[in-house]
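Below, in structure tokens: the form predicted on its own, a single chain.
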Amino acid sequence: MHYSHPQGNVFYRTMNHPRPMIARGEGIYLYDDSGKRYIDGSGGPLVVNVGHGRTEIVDAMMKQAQSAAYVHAIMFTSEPLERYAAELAKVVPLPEARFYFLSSGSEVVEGAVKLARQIQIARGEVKRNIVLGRWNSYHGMTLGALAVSGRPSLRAPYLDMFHDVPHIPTPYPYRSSATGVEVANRLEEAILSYGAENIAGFIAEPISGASLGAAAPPDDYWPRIREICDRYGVLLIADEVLVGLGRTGKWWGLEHWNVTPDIMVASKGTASGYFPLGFIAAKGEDVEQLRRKLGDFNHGGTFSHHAVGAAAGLATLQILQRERLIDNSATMGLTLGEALHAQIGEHPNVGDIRGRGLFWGIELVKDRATREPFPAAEGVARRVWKRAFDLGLVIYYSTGCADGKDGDVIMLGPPLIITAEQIDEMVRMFREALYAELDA
């Protein structure tokens, strides 16, 4: 087996462990160059929604690359780009939706923040320059995205480098008994505190992603948030980067509460990892007003509106529709939840099992009765992650959920093509890793 070495020519985000050389992927499985098989139990970081080895996506990309691999978006459009936008408009719940395509979740969040500001300017609300965020949230690694994010550990080195924004609490039912309305009302307090005339938008994840590991708010939260935004003319930006495109058993996370945002961003599952692709979606009337009043959208990107990326996105969308993978996500999500409760629900260090569709979080705690987290120094989530990887199961983990420093969450989010039999195999492997690392 070949490994990358921590002191080789490539450096990575996590630097102190070797990586096996990947050979191929097929369905929910990955194989390294020694032939070892891994279940991709998290789709990488919740990306590979339609599975590995989809030749129809590769063929669509190759066809477009052979005809015109790259053109600048200022100068040309392309057939797959126009078709993809037209098809997306049928499943994105914004009236006469318009789309701006970029290359990552961080980029689309950055663009959405700028778009909210420019929509407000086009409306004549020139003082509105603040986009509010939430604590225990994550929106990306660019400085603008970090400013609206609420992960202390990721923000800390850069606090002096960006213009920070106000944050409000995030609903967290496992560690808070507050109602959804009570938590949502903190948004109104922030708007009034900073002055509604200064607030351009509010950005949030419909269901918390890596920061809180699939923590969904109480059902009265999002309707109240929408009501507050409407009352004060604040644009609601839904960060659907992780939960969108079927991950939670519906096309979009906010659909669980029948709430429509003003701006939406998506990325991870957009092209299922076959191409770096994300998009900003906005209401047609807002984009049209911006065009009339300002002329142009003041934002750009060398690889925006990429024709090959659009071909990959369109092929991915067609697979999701043709194979009814959103329905499968909902159905298999129930199966996954039942299996997790049955297999690990009694482990003394499993504090909470939560999720929707094929996005599940398992919060690990030192004391189940008091919900006391493990100290960060013990590296519990990372240890379970490594044990699972050694066994041949890819999972995703996060830390800091309890208080910004302590707190361990394991996330499962396999490709939406997974079957009941494969879920059983995946959960049994996870149980083995959990009990091996945290001997009950």
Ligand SMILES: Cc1ncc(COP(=O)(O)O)c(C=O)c1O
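Every value quoted in this text rests on a predicted model; they were computed, and no experiment measured them. Throughout, we count residues from 1 along the sequence that is shown.
There is another form of the same protein, the form predicted in complex with the named molecule; it is not shown, and what comes next is about it.
- Annotated contacts: 201, 262 and 287 are all free of the named molecule in the predicted bound form [non-hydrogen atom within 4.5 angstroms].
- Residues within 4.5 angstroms of the named molecule in the predicted bound form, judged by any non-hydrogen atom, belong to 98 to 106 and to none of the other stretches in 292 to 300, 98 to 106, 340 to 348, 220 to 228.
- The contact with the named molecule in the predicted bound form, taken as any heavy atom within 4.5 Å, belongs to 242 out of 325, 115, 234, 242.
- Though the named molecule is absent from this view, in the predicted bound form it lies within 4.5 Å of a heavy atom of just one residue from 134, 128, 268, 306, which is 268.
- When the named molecule is considered in the predicted bound form, residue 355 lies well away from it, no heavy atom lying within 4.5 Å.
- Among residues of the shown chain, residue 89 is not one whose heavy atoms approach the named molecule to within 4.5 Å in the predicted bound form.
- The named molecule is not drawn, but in the predicted bound form it has a heavy atom within 4.5 Å of residue 141.
- None of the heavy atoms of residue 363 is located within 4.5 Å of the named molecule in the predicted bound form.
- Residues of 196 to 219 that come within 4.5 Å of the named molecule in the predicted bound form, judged by any heavy atom, reduce to 205 alone.
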